[in-house]
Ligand SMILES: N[C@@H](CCC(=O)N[C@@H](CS)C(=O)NCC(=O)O)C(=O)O
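First, one chain by itself in structure tokens, the form predicted on its own.
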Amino acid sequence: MKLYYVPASCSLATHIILRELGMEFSLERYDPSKGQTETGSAYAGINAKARVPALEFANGDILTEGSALVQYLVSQTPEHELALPIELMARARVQEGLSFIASDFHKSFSPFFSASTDDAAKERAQALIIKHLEYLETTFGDGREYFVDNKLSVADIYLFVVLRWVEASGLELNTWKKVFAFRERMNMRPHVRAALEAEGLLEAA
């Protein structure tokens, strides 16, 4: 498998999970400013949406969208601690968590990664991020260590990646003590650190 990625972006979640699962894969960096990968391939021919992640399989198939990718990957290793639960409600809870992160929390950071965003839009986005962080702080109450049902899941990996962007919005994550502690715990996982190192992010982690 080959993962097309942009350092520190949402593709980091797929990267971490590939390492957590012990899968064989290679990395190819995508440069959005050039529209090309590091080997000179036009990325539009790989993923017409021009976004990461994209995972290319040995038979040439390409799968995109982070939530779909992480669920597909863990379905290959049902015995792993990151596997989706068998019980339907527990599985739906993980999917619920992934949906919140992808549709609400992740998207609220978009204005901070666009050069054309004005200050008013950034202020509105920051207020929305604060709202989401307050919700997460409540979720991690009473000694809870993980986001969904207090059990490690793919939602925790994705959440960790998005929480790494908080400072880019002008906020300090340690204002939300429980959420900050969660990010620090996840940051110390060996496979997380290996992925950060591979993307040149370890010093900034």
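Numbers for residues come from their place in the sequence shown, where the first is 1. Predicted model, so just to flag it, every value in this text is computed and none were measured.
Same protein, other form: the form predicted together with this ligand, not shown, and the subject of what follows.
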- In contact with this ligand in the predicted complex (heavy atoms, 4.5 Å), from 148-156, 176-184, 46-54, 133-141, is stretch 46-54
- Interface membership of E28, this ligand in the predicted complex, 4.5 Å heavy atom rule: no
- Task: Look up in the predicted complex whether G170 has a non-hydrogen atom within 4.5 angstroms of this ligand, and give yes or no.
- Result: no
- Task: Report yes if any heavy atom of R91 sits within 4.5 Å of a heavy atom of this ligand in the predicted complex; otherwise report no.
- Result: no
- Might L18 be said to contact this ligand in the predicted complex, defining contact as any heavy atom within 4.5 Å? no
- Item | Within 4.5 Å of this ligand in the predicted complex: residues from 102-117 (heavy atom criterion) | H106, K107
